[in-house]
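First, one chain by itself in structure tokens, the form predicted alone.
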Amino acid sequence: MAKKRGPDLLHRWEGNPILTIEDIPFRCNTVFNGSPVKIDDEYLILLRVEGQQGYSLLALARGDDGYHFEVDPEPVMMPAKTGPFATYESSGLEDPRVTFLDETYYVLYTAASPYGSRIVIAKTKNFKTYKRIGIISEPGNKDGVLFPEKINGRYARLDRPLGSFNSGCIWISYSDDLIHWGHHSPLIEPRPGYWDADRIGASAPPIKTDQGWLEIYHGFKMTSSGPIYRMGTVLMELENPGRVIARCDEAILSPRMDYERVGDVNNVVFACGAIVEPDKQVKIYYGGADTSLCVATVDLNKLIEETLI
């Protein structure tokens, strides 16, 4: 008898959500969209937390198994109050993505302000102190993710500038110094009639595989009751990630559970990072309904196989 196939490719951890407001040791409105790293045997997640003031800040969670976490007692990054970043962070720091590159952890996050969203790059060695390096996009851009190695001698990133009619495509660009970016070109765009029909954006930093760079991205389709955010995958050439090899037709995860369906923003599964374990199991960390942080797992080879179908 054939094995029954579930509605989603990813397997949700039975203990989801892994973090909610009750787990945050300081007053806040909600927690969601965390980017993970694994250092030796310790798991760290850089979290987006919305404070009671109404703007978002960044906090840090620590754990030893990838499922159970404790959050540090104080935020690790707050919106700048002075200096060149203050004007563009006045409405908060959003959706961090962490990439390990050149023996440094780089954080790309969205700076929110009345002037529009912009991507900022910061760096840290210890996840205790963070140094902002520069603002690396024009207004109206977010979902920046940095590749974990140089491509033909240049840094590479994905992002999502807003296009016409408030839609957005995923673009790729390159840099010699991580601050000045150019050679921008569109990579993938929304697909009418599909689950990602109306807007898409990069989610996790790209994962290097033998078959190409694997990107986990998010997309939404507008319905009569609002957008539904889902996850998907795209595979890019290793030496030329501006060329797409394959893209999934079906979403790999859709909001179905109560913690994904009901929250500050209903019907959202939104990844900000993934960890590939030695046995090739992938832990994907995602925000549920902009109200909690969750984790789901899948075999890396299965993820690639589903992308290539």
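All residue numbers are counted from 1 along the displayed sequence. Everything numeric in this text was worked out from a predicted model, so none of it was measured.
Just so you know, the form predicted together with beta-D-mannopyranose exists too; it's not on screen, but the next bit is about it.
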Worksheet item: Considering beta-D-mannopyranose in the predicted complex, which of 215, 196, 159, 95 comes within 4.5 Å of it through any heavy atom?
Response: 95
Practice prompt. Find the only residue in 274, 268, 49, 46 having a heavy atom within 4.5 Å of beta-D-mannopyranose in the predicted complex.
Written response: 268
Item to complete: Look up in the predicted complex whether residue 142 has a non-hydrogen atom within 4.5 angstroms of beta-D-mannopyranose, and give yes or no.
Response: yes
Fill in: beta-D-mannopyranose contact in the predicted complex: residue 35, any heavy atom under 4.5 Å
no
Worksheet item: Can you say which of 246 to 254, 260 to 268, 277 to 285, 57 to 65 gets within 4.5 Å of beta-D-mannopyranose in the predicted complex, counting heavy atoms only?
Response: 260 to 268
Worksheet entry | Contacts with beta-D-mannopyranose in the predicted complex, stretch 210 to 242 (heavy atom within 4.5 Å) | 229
